[in-house]
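Just the one chain here, laid out as structure tokens, in the form predicted on its own.
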Amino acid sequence: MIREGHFGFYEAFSLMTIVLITKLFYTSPMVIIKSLGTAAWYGTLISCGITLVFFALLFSLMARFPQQDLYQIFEAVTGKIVGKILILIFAVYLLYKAGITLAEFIAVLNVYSMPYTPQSVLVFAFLLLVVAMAYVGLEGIARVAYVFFYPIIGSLFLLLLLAIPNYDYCYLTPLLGHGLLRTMETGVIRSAAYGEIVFLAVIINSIHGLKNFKKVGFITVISAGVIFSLCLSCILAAFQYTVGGEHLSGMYQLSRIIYFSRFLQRVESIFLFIWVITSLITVSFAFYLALSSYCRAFKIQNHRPLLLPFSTLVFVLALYPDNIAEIIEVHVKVLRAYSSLILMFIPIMVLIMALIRGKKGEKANDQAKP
């Protein structure tokens, strides 16, 4: 097994929060606002609530096997062969996520900041940093996330505060948006946008077990939901839902309208800083976990020889979509609307199997004895 190192609550919280909120800087606000209108700001809270229920079920699964991570539980409950297949499904998903997240980042970067730079050059340069972080390993990625967490969150809230003169809170009405039923339906479907929290169960042994797992998981999901809701309400208040649903990156557009005088304008440079750093951490995390999952499935002890072939696959995936419309309408929809079939459905099915078959970890079995 790969030695992934250990880190504490704050590193784990920083890492998972950044991974969850990164999509806020891409096309997700546009898609949510276009679907829900003025109800977008609390529609995402419905998704957050569904994810909290899922995480409670995930915690109950992990509590039955207190000495094992999610992949070990897959093999313990379903058997070695099926367990390896499930691990490989997660590995393929993570590789796909890394490639499409990178493609989305580069496409939006091309539109707003670097329209004349070839996508292949941007992808290659970004991948060099991703490979360097994956070479260091999970602990290194987590500590980088912790170092940049406060500047990222601080810069994000600074942008929201500086844009206050542009807000008109009447734009948040009507409160029901396109209808309460549609809001609830979309909120349930898009709960996959918070689904990356399942990967906390994969790295549970690196964060010192169940106690930190439960604490980090619930606080991270709630924090990400509040940040999403706040940012969506600010975008709606600044642009109204008709215009907010057309901006490729609502947060970038919000940063561009900030103007106090000739000495305080063009603050989108702050946005670019947090945008690039969060994207780097998120892609590196997904890329490393894809490598780690593959190594776990085939009992490979060292992930570093696989950096080149896996980075080549991510390079190809990032350049595969023909245009930004294909990324949004096909690939991003798969990641943030339908990936719950993998991220949530599989662990819940494993939990049901464990309950039916009476499977428990060694420590749980010992405690069950009179």
Partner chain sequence: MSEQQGILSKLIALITYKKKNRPKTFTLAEMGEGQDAGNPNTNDQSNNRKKNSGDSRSNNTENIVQDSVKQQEKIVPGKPRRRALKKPFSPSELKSTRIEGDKVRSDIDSNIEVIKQVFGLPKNKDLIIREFQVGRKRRAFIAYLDGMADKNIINMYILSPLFKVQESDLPEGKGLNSSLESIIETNDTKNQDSIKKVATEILKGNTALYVHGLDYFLTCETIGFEKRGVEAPKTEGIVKGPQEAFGENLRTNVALLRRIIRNSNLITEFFEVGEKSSTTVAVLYLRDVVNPAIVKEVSRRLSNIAIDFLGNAGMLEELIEDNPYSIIPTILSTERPDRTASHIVEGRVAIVVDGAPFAMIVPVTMNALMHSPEDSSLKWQYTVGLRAIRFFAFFAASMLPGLYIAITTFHREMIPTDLLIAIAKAKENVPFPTIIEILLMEMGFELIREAGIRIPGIIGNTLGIIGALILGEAAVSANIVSPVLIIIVAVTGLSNFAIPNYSLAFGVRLARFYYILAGALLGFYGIVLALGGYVLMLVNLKSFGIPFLAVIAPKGRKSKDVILRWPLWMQEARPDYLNPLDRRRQPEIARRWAQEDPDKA
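Numbering follows the first chain given and starts at 1. These figures come from a predicted structure and were not determined experimentally.
Unshown form predicted together with the partner chain; subsequent notes refer to it.
Note on contacts: among 82, 158, 257, 136, the single residue with a heavy atom within 4.5 Å of the partner chain in the model of the complex is 136. In terms of contact with the partner chain in the model of the complex, the residue from 92, 184, 111, 300 that brings a heavy atom within 4.5 Å is 300. Heavy atoms within 4.5 Å of the partner chain in the model of the complex belong, among the stretches 42-50, 62-70, 304-312, 330-338, to residues of 304-312.
Taking the partner from the other structure, the partner chain in the model of the complex has a heavy atom within 4.5 Å of a heavy atom of residue 269. Although the partner is absent here, residue 140 is a contact residue: one of its heavy atoms lies within 4.5 angstroms of the partner chain in the model of the complex.
Remark: residue 74 does not count among the residues lining the partner chain in the model of the complex, judged by a heavy atom distance of 4.5 Å or less. Of the heavy atoms in residue 169, none are within 4.5 Å of the partner chain in the model of the complex. Contact here is defined as any heavy atom lying within 4.5 Å of the partner chain in the model of the complex, and by that definition each of 10, 126 and 129 is a contact residue. Taking the partner chain as positioned in the model of the complex, the residues of 141-178 that bring a heavy atom within 4.5 Å of it are, in sequence order, 143, 144, 146, 147, 148.
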